[in-house]
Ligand SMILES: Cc1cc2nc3c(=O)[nH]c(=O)nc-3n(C[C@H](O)[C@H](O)[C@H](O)COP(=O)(O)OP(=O)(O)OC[C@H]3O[C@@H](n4cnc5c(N)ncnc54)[C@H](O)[C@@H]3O)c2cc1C
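In structure tokens, one chain follows: the form predicted on its own.
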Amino acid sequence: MKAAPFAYVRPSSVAEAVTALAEHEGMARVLAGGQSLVPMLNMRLMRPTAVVDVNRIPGLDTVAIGPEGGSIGSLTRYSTLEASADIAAHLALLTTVTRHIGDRQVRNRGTIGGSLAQADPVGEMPLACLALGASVLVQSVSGTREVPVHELLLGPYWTSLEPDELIVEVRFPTAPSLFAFSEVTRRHNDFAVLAVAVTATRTGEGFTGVRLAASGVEATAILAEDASAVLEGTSLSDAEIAAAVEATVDVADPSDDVRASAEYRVHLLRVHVRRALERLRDGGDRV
């Protein structure tokens, strides 16, 4: 199939882009990498009155990451995230999850902002940003606001963005020193069945700043706050990990689909939360 007719807008600034979004009153869609939007247009699952192509807007692909965190422009490609030495040094979870996204062609086009705006419930990037405590800076004709990722993700392909808002930047606090990531797919780089990401810092008293997140078990990626609290300040003993596993399962509500049954996803969740936490205890993953 071919896309239904639409107006094509190519702004040269963020101000022009959000003005175009506002003018079309919720019927425009933003084109960044196009890895999700273009197939949906061609299958006529979306019929916008306009497509706003932001690829020519300068400054949306800037990476400024250091020991204290920093920001990544919304138009930054996955391949840039994957190759960045600064991100590998200070936000290594992002480097790792990027290598699980699609294939080389997808990573050369797909963007971090587009992934968060798409809000795929099994997307690796929303999961990683949630585990890292990230927020997004969004701009509209009314100004800018900062939205934590846990408030951005509302449901499958549904965010708290207003129709005239554009994600311009993803902001990260100082990242914990350790992370672990575990994902299940039916074949390499396929859509995930389930994924788990956990971050923490090891101190003399145990593990602190624990953030355990999972995707594929709810309508969005979820932050397992009770499980994270169970682990805070502990040594991640087998008993403490087992308690965290059950606390994670308690907040999961997976559904059946073509990739897996809800029952199988709960089984996978138990297995992969335990594996991720055991690896974290042993020193975490390496880039």
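Keep in mind that what you see is a predicted model, and the values were worked out from it rather than measured. Residue numbers run from 1 along the displayed sequence.
From this point on, the text means the form predicted in complex with this ligand, which you will not see here.
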Discussion item. I'd like to check something about G70: if you look in the predicted bound form, is any of its heavy atoms closer than or equal to 4.5 Å to a heavy atom of this ligand?
Written reply: no
Discussion item. With a cut-off of 4.5 Å between heavy atoms, is T80 one of the residues that contacts this ligand in the predicted bound form?
Written reply: no
Worksheet item: Any of the heavy atoms of G110 lying within 4.5 Å of this ligand in the predicted bound form?
Response: yes
Practice prompt. With heavy atoms only and a cut-off of 4.5 Å, decide whether D190 touches this ligand in the predicted bound form.
Written response: yes
Practice prompt. Would you kindly say which of Q118, S140, S84, T96 lies with a heavy atom within 4.5 Å of this ligand in the predicted bound form?
Written response: Q118
Worksheet item: Of these, V184, L178, V147, I101, which has a heavy atom no more than 4.5 Å from this ligand in the predicted bound form?
Response: I101
Discussion item. Can you tell me which of 247 to 255, 233 to 241, 26 to 34, 217 to 225 lies within 4.5 Å of this ligand in the predicted bound form, counting heavy atoms only?
Written reply: 26 to 34
Item to complete: At a 4.5 angstroms cut-off on non-hydrogen atoms, which residues of 207 to 234 are near this ligand in the predicted bound form? List them in order.
Response: none
